[in-house]
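A single chain comes next, written as structure tokens; it is the form predicted on its own.
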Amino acid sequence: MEDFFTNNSVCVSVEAPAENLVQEIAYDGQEVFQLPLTLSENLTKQAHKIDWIIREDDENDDDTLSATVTTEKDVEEESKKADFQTSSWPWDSVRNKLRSALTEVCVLADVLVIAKDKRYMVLDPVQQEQPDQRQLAQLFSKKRGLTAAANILLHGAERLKISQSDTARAKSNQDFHLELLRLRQSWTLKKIGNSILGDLSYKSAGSRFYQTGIFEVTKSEDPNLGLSTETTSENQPKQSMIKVTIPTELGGTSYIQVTIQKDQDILCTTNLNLLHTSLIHSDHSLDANPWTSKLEAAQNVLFCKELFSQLAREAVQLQAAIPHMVVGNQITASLFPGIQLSIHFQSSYSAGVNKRQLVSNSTSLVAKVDHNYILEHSLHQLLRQVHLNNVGQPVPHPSSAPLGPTKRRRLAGPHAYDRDELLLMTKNESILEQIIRQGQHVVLRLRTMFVIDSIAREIRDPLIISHWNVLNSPTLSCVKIIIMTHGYDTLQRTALVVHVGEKTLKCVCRDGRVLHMSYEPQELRDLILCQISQHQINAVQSLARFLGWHVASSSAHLGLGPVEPLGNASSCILSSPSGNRILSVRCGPQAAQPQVYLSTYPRHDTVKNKVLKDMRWEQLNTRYEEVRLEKIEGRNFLSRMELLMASLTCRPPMSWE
């Protein structure tokens, strides 16, 4: 029966499903399948199903031999029976493991006894036949192997070196073009043949200086080509791929020093230099673009040369009362009697000369004397204005008009200008003339400041306060002088405005008077002293009115008393509210302190006049006694006068009889 089924059975192949298991079903009904296992994952899965711990005892060896002979059916039946059999004793597995462990220990002990006693077995080493040792052949073989290994290493190193050099060369070419593009953004470059030339001059801005500022740009030879980037950055700074070659006459540094001096005393100084001092002191090797500082220094030399040549040409052409002198690299012009303007050009053409020595020499005077930034800015501005005039032309109006005439010249016809006005329009001030005018203004400004400060130190009563305007022109300044007494500033203030020009001073007083003075400082000093004396008299009158006293008379130009060495004295006569006290105040420009005289009425030493009935006529013959103000307490003149008038007001009048 079994053979029948065996012969007539159909082979059925059992395979894994074609579709993978469903891992997740989304809310929209979409099924997410698991990924199929790889070969390694499938092998791992099958290996986990095998129990590698099961061991068969020696006693079951015969059974296994007989089991191999049995048929497959018996094996399946025995396996089924074994699965359903259970151990009769719970400690059976423990016993089996202990038995196997004891067996292994016993075997190990027997092996040790046999190896130690040497009664049962002797272990002798087996001697092998020694091969023939040929040292020379071994040496040649080792040498050949080392040579082959060395050749492989050298070949690899050579290939790495070539690759690195090619990379560095390509990078250097890229850096050269990047730096050339960066240079082109700041300087004018053009290619002539195989060379690249640049221009440092100001010709594009309107300069007509004869010296050219042509420089050449080439690619520098990089000595670090082929070295590693880390070694180059650690040992030395990164070098520029651009090499700039400038003319020898534009090398080094230069600056123009302008000095105003009186005899041997320097009143004012300024240094004209396009480069900042910190840039000259800095190390150019550490800059990102070393050629920038080199080109700026060369352009500074060219600028200073052009400015000095322009000033020297104008100094020779101008016809002044005191001729200007041009000796070598120095121009000397006269500002005022005894005061000279000196323009000195200092330069160093060799690159090895100490640049710091030039800067230290130029800044040594600046440390002692204040640096005048106005003159420095004017020198820059005036030369650039000349460049602008050379290039820029006024726009014609109307558009069909010819180029050249300025707006003032176009208006000359409609406004009917005469010959003098036309000649005045054609005159243009040169740079040297404008610098001389500004130098004269600087000297006059310093003199005015010195006079005001010296008077403020000498005279403590009243106080003198000066306010200089911040916004001034290079040839005109304005200062406001306020004269007031401490504690009585709201009672009386005297203000005057002084306009400092080039050779003259204009003073506008409080009453509207306009006074013109020369450049002599004594005139300004005399004017301020006269204003101080008038301020004291006006302040006393205001204080007297505030205390109830009457101002009998006042005069700004007193003709009585001793003659003043300077100007005229001012005076006023004050009467008490009761009329029995009279104060006479006199103040001169040269007086250190105002003089005060007191007269009282009636007096016992006077004879009563029977003809005059009014007692006020008796006061005409009264004597005045001087009041010693230094004996009265008070911090200034007005405080003492306040105490004096208050005490005279409170004192009861004396009877006639």
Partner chain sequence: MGVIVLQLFAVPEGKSGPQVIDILTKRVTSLGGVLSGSFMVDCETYTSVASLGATRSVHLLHNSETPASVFALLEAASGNKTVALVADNLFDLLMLKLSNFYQAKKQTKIESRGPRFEAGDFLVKLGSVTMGPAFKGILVEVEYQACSLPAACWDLIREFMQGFLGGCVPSTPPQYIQNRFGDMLGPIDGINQYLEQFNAFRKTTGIR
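Positions refer to the first chain, counted from 1. Please read all numbers here as calculations on a predicted model, not as lab measurements. Between two forms, the rigid core is defined as the largest C-alpha subset superposing within 1.5 Å.
There is also a form predicted in complex with the partner chain; it is not shown, and the following applies to it.
J.: Partner absent here, but in the predicted complex, which of 205-213, 108-116, 569-577, 407-415 has residues with a heavy atom within 4.5 Å of the partner chain?
T.: Checking each option against the 4.5 Å cut-off leaves 407-415.
J.: Among 98, 422, 515, 388, which has any heavy atom within 4.5 Å of the partner chain in the predicted complex?
T.: Partner contact (heavy atom, 4.5 Å) among the options: 422.
J.: By the heavy atom within 4.5 Å rule, which residue out of 402, 193, 338, 559 makes contact with the partner chain in the predicted complex?
T.: None of the others qualify; the residue that does is 402.
J.: Given a superposition on the rigid core, I'd like a yes or no on whether residue 512 shifts its C-alpha by 2 Å or more between this form and the one not shown.
T.: Superposed on the core, residue 512 moves its C-alpha less than 2 Å between this form and the one not shown.
J.: Once you line up the core, how about residue 206: does its CA shift reach 2 Å between this form and the one not shown?
T.: False for residue 206: its C-alpha shift is below 2 Å.
J.: With both forms fitted on the core, give yes or no for whether the Cα of residue 486 moves by 2 angstroms or more between this form and the one not shown.
T.: No.
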